[in-house]
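Next up: a single chain in structure tokens, the form predicted alone.
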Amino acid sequence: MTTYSYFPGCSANSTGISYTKSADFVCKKIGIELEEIPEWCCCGTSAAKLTSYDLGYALPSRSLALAEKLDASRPIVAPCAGCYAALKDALVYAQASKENLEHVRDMINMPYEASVQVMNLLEVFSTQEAKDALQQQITKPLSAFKVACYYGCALVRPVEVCKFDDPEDPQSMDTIMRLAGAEPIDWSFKTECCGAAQQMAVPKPSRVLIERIFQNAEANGANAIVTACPLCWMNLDMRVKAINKERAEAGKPAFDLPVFFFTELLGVALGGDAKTLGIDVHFQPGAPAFIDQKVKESAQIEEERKLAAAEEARKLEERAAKLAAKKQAKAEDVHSPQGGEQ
């Protein structure tokens, strides 16, 4: 079992509870242990730096120092994209110079070496060990799921900080979804911003950002959107109801694309149910029914594939038998007196 130091983040047991429950389920299934960092504190995400850059570095650095104290050899896993970005940025800042490191030590008044690696859940599940474990444990391939993998803007940017995946066309989530049997679509809004907290400050103009994400996913054939960020998930899953109301008033069709954490769909592929994975607490009430329907369709697709494979194997075996029979007959003819053997 691989153990990581775990930074749950402030949304873990509130708006991100589905992410927490599904990640916990998947990790236990494939032999990953997440040990929570004792006395971790809010990372400050992007809001802290609006008040003070020192505050924006001190808050995540305190938790990084606590992680070093817990086990300096382990990477830290931060499921939330905002937490991941804040922790990674603070780490890069402290590693940039001795002066920066000393400044951080003075601010947090703790021993700190800026030595631990910071990872997001996509990185963890992208390791070969995790991918091999996933392949072995999948019991319900997601064959009927056509997913738009939505990374958002905080997992892969800024490039000099995150150093994870392609900033324009990331593939890690796509690869993981393929392992689960789903079909990731090719679309243009993988890393577009959902508006983040601007959805609360200026909701109407910010909703345009979300509407465009749904439009592009739908236009490219997706039947679901998958994300790895609690804020992206909340914005899309919660605000599509208001967007659909406005679209109805304008005579436009409603969007009918449920939004999931990628860990929820992994959990489904590993045999988890909606309640266990947190799918039953989505803002969109139809998410559990969608899962049930697509799981049934997936099972039917898999059965048809098995039958087709069996039929193909039968045909190959039949052809091989006929070829062997012809070779045998030819050999017997060559060695017979009538065949002209001298």
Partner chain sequence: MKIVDLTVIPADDRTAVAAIAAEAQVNFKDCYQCGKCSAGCPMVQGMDLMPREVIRYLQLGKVQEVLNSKTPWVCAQCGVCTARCPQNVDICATMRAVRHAAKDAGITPVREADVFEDEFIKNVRAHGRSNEQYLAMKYNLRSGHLMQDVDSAPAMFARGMIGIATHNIDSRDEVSALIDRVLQNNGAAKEAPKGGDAS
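As the structure is a computational prediction, the values presented were derived from the model and not from experiment. Residue numbers count along the first chain shown, from 1.
The form predicted together with its partner chain is left out here; the points below concern that form.
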Among the candidates A222, C162, C193, I138, the residue which, in the predicted bound form, approaches its partner chain to within 4.5 Å (heavy atoms)
C193
Run the contact test on L270, I301 and A309 with a 4.5 Å heavy atom cut-off to its partner chain in the predicted bound form and return yes or no.
no
Are any of the heavy atoms in K49 no more than 4.5 Å from a heavy atom of its partner chain in the predicted bound form?
yes
Touches its partner chain in the predicted bound form: L257 (any heavy atom, 4.5 Å):
no
Give a yes or no for Y93: in the predicted bound form, does one of its heavy atoms lie within 4.5 Å of a heavy atom belonging to its partner chain?
yes
So, in the predicted bound form, is C42 in contact with its partner chain at a 4.5 angstroms heavy atom limit?
yes
Of 247-255, 98-106, 140-148, 121-129, the segment with heavy atoms within 4.5 Å of its partner chain in the predicted bound form is residues 98-106
Between 196-210 and its partner chain in the predicted bound form, list the residues on our side with a heavy atom within 4.5 Å.
A197, Q198, Q199, M200, A201, V202, P203, P205, S206, R207, V208, L209
